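Shown here is one chain on its own, the form predicted alone, set out as structure tokens.
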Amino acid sequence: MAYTLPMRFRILHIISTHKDINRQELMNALQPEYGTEGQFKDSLVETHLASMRAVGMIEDTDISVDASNNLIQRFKITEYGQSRLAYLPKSWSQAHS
């Protein structure tokens, strides 16, 4: 049986596997696991990202504007965020390593 992490932890884990990542790329990565859940909303993912930035788990690597004048932010995990990955359940982390 597959174990689904709380979304915020999974977001942190996904960010840790990329040099940097934007919100749309993150949504694409989350979709297979969380796409059918009510919590799978762009606004909620943005709330998680803002919270993780506020406590220093992630940081911006680039901020730009696309052709439609939408703000595009790229994120990377910080050393503090990396340290939080130690709290992943061992059974989950072994299955995803």
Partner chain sequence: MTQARAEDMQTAQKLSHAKKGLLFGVLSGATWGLDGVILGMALAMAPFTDGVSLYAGAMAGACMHDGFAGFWIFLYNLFTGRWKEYGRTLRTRPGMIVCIGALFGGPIGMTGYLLGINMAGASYSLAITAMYPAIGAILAVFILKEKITPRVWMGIATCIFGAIIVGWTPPDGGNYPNFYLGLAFSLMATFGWGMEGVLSTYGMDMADPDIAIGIREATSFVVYLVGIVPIVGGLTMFWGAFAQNAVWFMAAAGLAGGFSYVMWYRALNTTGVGRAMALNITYALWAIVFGYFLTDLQLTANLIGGACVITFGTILVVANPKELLNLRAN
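Model, not experiment: these values are computed from the prediction. Positions refer to the first chain, counted from 1.
Quick note: we don't show the form predicted together with its partner chain, though the next part is all about it.
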{"query": "Residues Leu5, Leu44 and His48 all lining its partner chain in the predicted complex, heavy atom within 4.5 Å", "finding": "yes"}
{"query": "4.5 Å heavy atom contact, Asn22 and its partner chain in the predicted complex", "finding": "no"}
{"query": "Interface membership of His18, its partner chain in the predicted complex, 4.5 Å heavy atom rule", "finding": "no"}
{"query": "is_contact(Asn70, its partner chain) in the predicted complex, heavy atom dist at most 4.5 Å", "finding": "yes"}
{"query": "4.5 Å heavy atom contact, Pro32 and its partner chain in the predicted complex", "finding": "no"}
{"query": "Those residues of 48-70 which, in the predicted complex, come within 4.5 Å of its partner chain by heavy atom", "finding": "His48, Ala50, Ser51, Met52, Arg53, Ala54, Val55, Gly56, Met57, Asp60, Ile63, Ser64, Val65, Asn69, Asn70"}
